[in-house]
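Heads up, the chain below is alone and in the form predicted on its own; it's given as structure tokens.
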Amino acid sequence: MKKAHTTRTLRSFKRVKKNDSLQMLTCYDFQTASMLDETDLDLILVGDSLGNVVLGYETTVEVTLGDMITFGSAVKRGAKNKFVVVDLPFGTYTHFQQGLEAAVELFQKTKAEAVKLEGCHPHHLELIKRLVENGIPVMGHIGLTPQSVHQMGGYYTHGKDNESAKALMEGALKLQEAGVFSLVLECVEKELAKKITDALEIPTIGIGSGYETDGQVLVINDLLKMGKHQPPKFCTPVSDMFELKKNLISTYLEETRNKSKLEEANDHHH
């Protein structure tokens, strides 16, 4: 079992461990968190993707701060020895003051080690600076930012043309300057993800952005195929838990149904 990370040990991945990649998985419940706590996983993300995989919403937009506190604290109770990052959900940081209050509440009530927020607009940078000054570690997130998927016009790879590549690189550097301890690159063009990783002193964590980042994050429900739907292209499931569970339950139902039939038949004979 690895010792729990701190923001300091996580930053060291950049310098020392070029051959050792940071591994982050999402988690949304106490039991899964207790299991992950017994593995060598580096980081747990309580993602607002719980809107899709746990609550059955179409997007992450409907997830509330209350949801994130409920699930975030459940995960932290299970994963006492892990570095846990919790997402600030949609609409909780549109104003500076509101963002400050939401982040403090989320951080305090979940007992997580850090919060994550999407985007690199000036108001995001200002908020990150203030949170970091007040002792709340922040993980950044650029590229495909699911909370603004409607405004972006769907899910696609970012940074393909020069203009958007330049904007992403600038955003990454500004986020580093604002004080994020790590940066998620979601669906960023592979070459660009490598360039950003090389340009930064903080570790990058990729999802659907190739393997030249300092780490990888996946949704555990995709990795174990816990749902009905095919996981995204960049995730190769290691199992099909959906079918496995369904078959186990079906077998159990069949066996117990037959048992009660047998018992009934036996009772008639006596």
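The numbering used is simple: start at 1 and walk along the sequence shown. None of the values given here were measured: they were computed from a predicted structure.
Here the subject shifts to the form predicted in complex with a small molecule, a form of this protein not shown in this document.
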| message | Considering non-hydrogen atoms and a 4.5 Å limit, which listed residue (H124, K116, K76, K194) is close to the small molecule in the predicted bound form? | response | K116
| So which of I69, V217, L36, L224 gets a non-hydrogen atom within 4.5 Å of the small molecule in the predicted bound form? | V217
| message | Can you work out whether E186 and the small molecule are in contact in the predicted bound form, taking contact to mean some heavy atom pair no more than 4.5 Å apart? | response | yes
| said: Considering non-hydrogen atoms and a 4.5 Å limit, does the small molecule approach T204 in the predicted bound form? | reply: no
| query | Counting only non-hydrogen atoms and a 4.5 angstroms cut-off, does T213 reach the small molecule in the predicted bound form? | reply | no
| Any non-hydrogen atom of S209 within 4.5 angstroms of the small molecule in the predicted bound form | no
| task | Counting only non-hydrogen atoms, choose the one of 178-186, 161-169, 130-138, 195-203 that falls within 4.5 Å of the small molecule in the predicted bound form. | result | 178-186
